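Only one chain is included here, represented as structure tokens and corresponding to the form predicted alone.
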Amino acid sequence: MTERHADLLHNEATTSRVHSSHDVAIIGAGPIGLELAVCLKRAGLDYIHFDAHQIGYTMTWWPHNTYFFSTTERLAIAGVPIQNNHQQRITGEDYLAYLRAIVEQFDLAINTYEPVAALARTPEGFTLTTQPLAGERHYHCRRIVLAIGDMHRPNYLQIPGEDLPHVSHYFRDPHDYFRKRLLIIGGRNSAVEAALRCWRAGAQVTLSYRRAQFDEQTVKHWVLPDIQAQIEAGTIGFLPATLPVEITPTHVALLPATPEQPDNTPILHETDFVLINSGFRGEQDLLEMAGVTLRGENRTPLFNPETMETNVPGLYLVGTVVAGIQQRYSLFIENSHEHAGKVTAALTGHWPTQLGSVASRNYDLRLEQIKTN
């Protein structure tokens, strides 16, 4: 049997098991994926929407009561403002409630808990294979939009002991560390906020950071003076310019992070728990399956910035997936709204009537403003 004959038989078998066919499939139900869904529904397009988990899944594993960097008008989608009783920044829980309200208001149909396991190009478009609990399904779609984000798993340090039960890459709640010794590895905003919250909840906290000092561009401007004051007062320990090389049940071994420090004798820091804030990265399996070209150290997808269409005809990108694995963040919710507009225009020929917040609150936003406010 020739390879082409085998492919034809496979395609015929898949076709016989197709659950449904659609013009567009959106994969990912984060904020920008939902915003695009509203745009397509308003335009009357036939689309189907998938997410491997629940809507806004990334925010469900945020630490409890964590506030956004951004103000509400930058986070609003589909022309629906975010209202609250204090007119200040909101928490992840607040935003999830807002996203649920968006789904309810526009009655968006989303196949949650239906992960897309594979996609393949066909002469007519694409075949999607999903794996819900009820069993594998197949769909045909002419075009696909990936809105899968860029925070699927932690950046592992690849050191001995990283998988021990007292070690975590996820900060759930400061209560977990009450009256315990906690070593936090990291020095960007998430690590600094965790240190302050856990210390105020009654933990004995030490920070290990690979740099000699904190970067004011990556720590919230209202948080930085607080952590500096606590370190100066000695209430929170600080081990600057150190790198963990091994974690044991009783301690963490740390070495100098700079070659200028000749002493290679490890610091053995005793601790009860270890919280690793090393950032997260996205999975790019679907991009690779489809044949999207990934370039550079950030593995940035190749796409047309006017339409958001990749080098694979009919495959589009919206949201933070556009920036690859983002070792230094350049895309956020607030500067991704236009992606939904560009894709909508490419698919329908018309720019959507509403993106982001209400018109009176929309404004152009430079990256440096996003990162420092």
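So that there is no doubt, residue numbering starts at 1 and follows the sequence shown. These numbers come from a predicted model, not from an experiment.
One more form of this protein should be noted, the form predicted together with a small molecule, which is absent from this view; the next part is about it.
Exercise. Given that the partner is absent here, does residue 47 sit within 4.5 Å of the small molecule in the predicted bound form, heavy atoms only?
Worked result: Close contact is absent here: in the predicted bound form, residue 47 is far from the small molecule, nothing within 4.5 Å, heavy atoms only.
Exercise. According to a 4.5 angstroms non-hydrogen atom cut-off, is residue 53 in contact with the small molecule in the predicted bound form?
Worked result: Yes.
Problem set entry | Contact test in the predicted bound form: residue 38 vs the small molecule, heavy atoms, 4.5 Å | Answer no; every heavy atom of residue 38 is more than 4.5 Å from the small molecule in the predicted bound form.
For this session: Considering only heavy atoms, tell me if residue 66 and the small molecule come within 4.5 Å of each other in the predicted bound form.
Result: So residue 66 counts as contacting the small molecule.
Problem set entry | Contact residue in the predicted bound form, chosen from 287, 205, 78, 148 - any heavy atom within 4.5 Å of the small molecule | By the 4.5 Å criterion, the partner-contacting residue is 148.
For this session: Report yes if all three of 114, 152 and 320 come within 4.5 Å of the small molecule in the predicted bound form by some heavy atom, otherwise no.
Result: Contact check passed for all of 114, 152 and 320.
For this session: With the small molecule left out here, work out from 140-148, 291-299, 246-254, 159-167 which stretch has heavy atoms within 4.5 Å of it in the predicted bound form.
Result: Contact-bearing stretch, as computed: 140-148.
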